[in-house]
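As structure tokens, one chain now follows by itself in the form predicted on its own.
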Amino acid sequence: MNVTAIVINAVAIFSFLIAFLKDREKAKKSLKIAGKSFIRMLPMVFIIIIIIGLLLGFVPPEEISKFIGDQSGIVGVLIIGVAGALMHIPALLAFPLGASLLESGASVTAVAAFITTLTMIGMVTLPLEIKELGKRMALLRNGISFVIAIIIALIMGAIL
């Protein structure tokens, strides 16, 4: 098991134990809420895993490399950035998908663009953002987030 995963899980368990000692009822309630959220998310996780598996199974690595590999340049980064901005999947699944894309020939820059736009931009939640923040602010936030996500991806690609 990865050291980072062990540390994160140890901190989570330790934090829960502190919360449990401080207020047992609230700790139990939070555990029930977390369990229900996990159960609600499972079908979506399975569907996304199946879709990703089918995509990676039917799309040859050469095609992935052609569209979002090193030779695709800024166009490939923008394509995958837009795809990340449009998708609505949990960030938890973005990292294994990114690893699969890397193994299939995608560039580090493209994968960084995908993950950053996926987590920073909410096209699916844009109507709610417009309602809460106003149209101008919501569009400005998403536009600036897209530009920053692409800059982050380009910097990561240059470093790695």
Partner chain sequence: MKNQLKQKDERKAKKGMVRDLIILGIILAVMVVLLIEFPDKREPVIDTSWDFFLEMIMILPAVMVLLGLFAVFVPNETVVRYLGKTSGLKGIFLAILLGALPTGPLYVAFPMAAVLLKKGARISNIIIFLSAWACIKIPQEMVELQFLGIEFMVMRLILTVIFVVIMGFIIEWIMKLDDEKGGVKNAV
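Rigid core: the largest C-alpha set superposing within 1.5 Å between the two forms. Numbering follows the first chain given and starts at 1. In this text the structure is predicted, and so the values were computed from the model without any measurement.
Not on display, but discussed next: the form predicted in complex with the partner chain.
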Is there any non-hydrogen atom of Ile64 lying within 4.5 Å of the partner chain in the model of the complex?
no
*Gly69: touches the partner chain in the model of the complex, heavy atom cutoff 4.5 angstroms*: no
* Looking at the partner-bound form in the model of the complex, is Gly105 within 4.5 Å of the partner chain by any heavy atom? -> no
Within 48-79, the residues having any heavy atom within 4.5 Å of the partner chain in the model of the complex are Ile49, Ile50, Ile51, Ile52, Gly53, Leu54, Leu56, Gly57, Phe58
Examine Gly53 after superposing the rigid core and state whether its CA is displaced by 2 Å or more between this form and the one not shown. yes
